[in-house]
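Just one chain is shown here, as structure tokens, and it is the form predicted alone.
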Amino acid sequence: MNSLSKKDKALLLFVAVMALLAPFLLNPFPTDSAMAQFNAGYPDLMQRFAIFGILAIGFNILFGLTGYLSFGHAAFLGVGSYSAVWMLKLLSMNIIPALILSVIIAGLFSLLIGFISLRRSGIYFSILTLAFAQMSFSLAYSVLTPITNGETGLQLNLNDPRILDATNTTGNLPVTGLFGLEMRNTFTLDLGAWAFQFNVGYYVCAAFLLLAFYLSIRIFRSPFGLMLRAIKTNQTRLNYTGLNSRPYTLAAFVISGMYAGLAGGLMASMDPLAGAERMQWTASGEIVLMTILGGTGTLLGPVLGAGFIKYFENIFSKINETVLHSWFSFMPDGLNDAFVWVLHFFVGKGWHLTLGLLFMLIVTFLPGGLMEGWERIRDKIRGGKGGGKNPPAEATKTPAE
């Protein structure tokens, strides 16, 4: 860490403080208030913020730095989940061996797919990764059922061997843990009308998020990272210099896949279940959206994008017509019904429509993502000469590059 610049140290410290104080920051509304449904400080959602933040950080190394757009990263997420659950079934409920195997298997799988896919670039590379992801989904769903348990998904059983754990005499499924600390353990702090939840599983995920973020900073600032930027800028010209760029792109692909494997392992460690749906192409598309929304090629952007999408998925999807009627109860019945009829298309099951509209607005007016928006606000506050009109250097690239 001593080799990090002051700016990078400050950024890492900012992420650490935000992760530490997340139970407070994500619960701004009193528990019994009408706005409490917008609180996001409960364990399951905070865990997802951290896990998908790791996933987006890893994808950004491939897409943001190298310029290679993969539509198959969900395959590595799924492989990591399956590997973790098998380790929990066979070896121990301690999550460390499960996470180690997840990263290793995902790394080997990404090495195989990357070795083939990186023979092409541009849209052809993207289509190849999409094809491999769909093949992986089909294999997990209907072909490799002895390993994946098909559409039901792989899960724990009472008769699993778990050779390193003591014999289970409780008659209940064991829970995942970290050297005696159960991932489901939650401490609730009641302060007036607020209830803040501190979950062991979340802070484990947050610790891995900080580690992933730190490694991302080191990669971005390293000679290896500069080489990846050169590949993104003009790979053909780089090849004309006599330098073989393929080992660098393959390394970036494998590192990105290992990040995805870690995320999949953490998902299985928090909830010991692995299903083929995690490998669908829609899951890969969601990873792309996270990175673009946050800011492609930036350090913090993918984390913000992951949080943005997961918040909409978990909060706005819970708003139904009953909630909308309660919001507009002060209106006459006819006007109330009209407002609810219009808005119900954008919440509940229609939350994707709201997300799509926001995505269109951000890509149109903030091509550098949420990080560009933050830079513009900061320039306005500081009274910069450009008045915030010029996006930051890292965000000037169009998301499709």
Partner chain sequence: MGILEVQNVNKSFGGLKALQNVNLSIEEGTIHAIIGPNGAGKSTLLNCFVGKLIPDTGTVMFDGHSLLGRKPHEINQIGVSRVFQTPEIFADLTVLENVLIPCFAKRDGAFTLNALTRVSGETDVQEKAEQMLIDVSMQDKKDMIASSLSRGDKRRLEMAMCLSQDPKLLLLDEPTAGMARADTNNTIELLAEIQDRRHITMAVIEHDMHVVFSLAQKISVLAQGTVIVEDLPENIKGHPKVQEAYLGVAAS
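Keep in mind it's a predicted model, so treat the numbers as computed, not measured. Positions refer to the first chain, counted from 1.
Just so you know, the form predicted in complex with its partner chain exists too; it's not on screen, but the next bit is about it.
K.L.:
So which stretch, 311-319, 229-237, 96-104, 111-119, is the one near its partner chain in the predicted complex (non-hydrogen atoms, 4.5 Å)?
P.N.:
The contacting stretch is 229-237.
K.L.:
Of S326, S138, N244, T282, which residue is found within 4.5 angstroms of its partner chain in the predicted complex when only non-hydrogen atoms are counted?
P.N.:
It is N244 that has a heavy atom within 4.5 Å of the partner.
K.L.:
Though only this chain appears here, would P223 touch its partner chain in the predicted complex if you measure heavy atom gaps against 4.5 Å?
P.N.:
It does: once its partner chain is placed as it appears in the predicted complex, P223 has a heavy atom within 4.5 Å of it.
K.L.:
Can you check whether W194 is within 4.5 Å of its partner chain in the predicted complex, heavy atom basis?
P.N.:
Heavy-atom contact with its partner chain at 4.5 Å: absent for W194.
K.L.:
I'd like to know whether L178 contacts its partner chain in the predicted complex, with contact meaning heavy atoms within 4.5 angstroms.
P.N.:
Outside the cut-off, so no.
K.L.:
Is there a heavy atom of Y248 lying 4.5 Å or less from a heavy atom of its partner chain in the predicted complex?
P.N.:
Yes.
K.L.:
Does each of L45, R48 and M270 have at least one heavy atom within 4.5 Å of its partner chain in the predicted complex?
P.N.:
Negative, none of the three is within 4.5 Å.
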